[in-house]
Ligand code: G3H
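Take a look at this one chain, the form predicted alone, written out in structure tokens.
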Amino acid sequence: MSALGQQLSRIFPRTEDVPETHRLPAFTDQTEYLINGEFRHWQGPMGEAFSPVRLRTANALMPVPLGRYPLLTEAEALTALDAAVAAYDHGRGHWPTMSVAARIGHIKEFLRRFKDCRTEVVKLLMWEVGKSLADSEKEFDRTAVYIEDTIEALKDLDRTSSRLDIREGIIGQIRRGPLGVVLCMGPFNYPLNETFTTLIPALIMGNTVVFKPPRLGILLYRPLLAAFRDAFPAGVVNTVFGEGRKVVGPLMATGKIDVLAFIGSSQAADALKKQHPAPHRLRCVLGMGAKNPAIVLADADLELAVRECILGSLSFNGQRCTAIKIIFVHKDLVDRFLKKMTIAIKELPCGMPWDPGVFITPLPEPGKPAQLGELLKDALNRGAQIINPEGGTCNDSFFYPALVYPVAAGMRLYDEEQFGPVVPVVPFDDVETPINYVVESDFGQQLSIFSSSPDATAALIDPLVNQVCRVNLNSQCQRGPDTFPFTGRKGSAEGTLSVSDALRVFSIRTLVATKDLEKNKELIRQIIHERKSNFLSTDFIL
């Protein structure tokens, strides 16, 4: 067995090898869930959360149970929904009619309490989804910054709205109002950050929320439940735990959900939308699948292209919707590209989430290594090869990255989103090959172009910006910064998320208007000067 093979066979630690600072507390049951501003305690069936980390004994690898969580039923889910509906009260509730400045105050209070949970949440991110310590800390800190940026963006938006317009004999004030009750569900790969990119803007714009944590990364929300309870009025934030088909379907079927904020597969999103009895009235904010290609032209800076493709395809094991999931390389460059990619993959540190500098960690989804193995088997049966030594080696939940070449149409890896550490490479000699791939794809989130030629780059930019929503030049596909729009065409997204865009997605332009008559002016003056309305107001938030 090679040295790398020996390392992979012993990739998991013994109990005593886990650093004391990163060990979990004793296994506990989470019985509480939040409805209408109070904790309720579940005494029924429980789900059990396991870590992707295994502990090595003399004879076997042992799963690590992390804790249990409530498997609520339809009745509890509907109770949570009723609380959100009552708190919104057809737009008449305390939260939706509150001043913008007051809502910002509640969000600030939540942020203060949120930051106090950093150590515990970071530890749970590592153990629940296998994310490295550095990436777990980055996800938490980025989420805190996102909340701060959202507050500042709303201040800017409200300042713009704090004036009256007089046009064609009509006096009006235009502000943004909430939409109603929002159902928020985030993904397991960024269970904190991506969930909060819909949850926080939905709340700050005056909507009430029913929130279901991801199926993986569920326990990390336990420390945050008290922060939600104590920072917001009763009924504004309500949590639902359990199996999606048992608790989410009934919520949608009531027709009382006004906005569906969901990040996951397009199949799941379509199924949820179909359960709503009035889909024409349902506002959807969806982040779905992607098969982001990289296009490496013959004149590309090879070192740069390899470095960015490694980061783009294998950061957090490639389990990102923004990951580069297929690489088209010009035939003049492909042999050198594969050689350098092989060396770069071999240099990636593999290990446990707390290991310093670790890059490749265990996969959190049960059955994911087997699924990736099936994709590799299909590609190999159709003429591809695994280029890098030990590529595709599997040790329980750990899957070593596989560089696969040549990938071609007809292979599952060509079209399917692998969402894992498998890197398909497609050779081409005519640039129409990758262009046609993008045009014919069901996805349209992002792509990357690697080239040193202004002419060749521009010739790709112009047709491809009409196929995807972000074209990255000589850099990996990615989401940030959060002030940039994040969305997709085709089956990749519905709605646009960025700090400012999200505020608009979870609200609607609403205006108060009157004819430009003296008695109407006087009416407006009294309302504004005596601060009788939170909407019709010229208060300026500093």
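Fair warning: this is a prediction, and the values are worked out from it, not measured in the lab. Just count from 1 along the sequence shown to find any residue number.
From this point on, the text means the form predicted together with glyceraldehyde-3-phosphate, which you will not see here.
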property: 4.5 Å heavy atom contact with glyceraldehyde-3-phosphate in the model of the complex for all of Thr322, Arg479 and Phe486; result: yes
property: Contact residue in the model of the complex, from Arg175, Arg142, Lys256, Lys368 (heavy atom within 4.5 Å of glyceraldehyde-3-phosphate); result: Arg142
property: Sole residue of Glu308, Glu194, Glu76, Asp158 within 4.5 Å of glyceraldehyde-3-phosphate in the model of the complex, by heavy atom; result: Glu194
property: Residue stretch of 219 to 227, 314 to 322, 349 to 357, 158 to 166 approaching glyceraldehyde-3-phosphate in the model of the complex, non-hydrogen atom distance within 4.5 Å; result: 314 to 322
property: Close approach of Asn189 to glyceraldehyde-3-phosphate in the model of the complex, 4.5 Å, heavy atom; result: yes
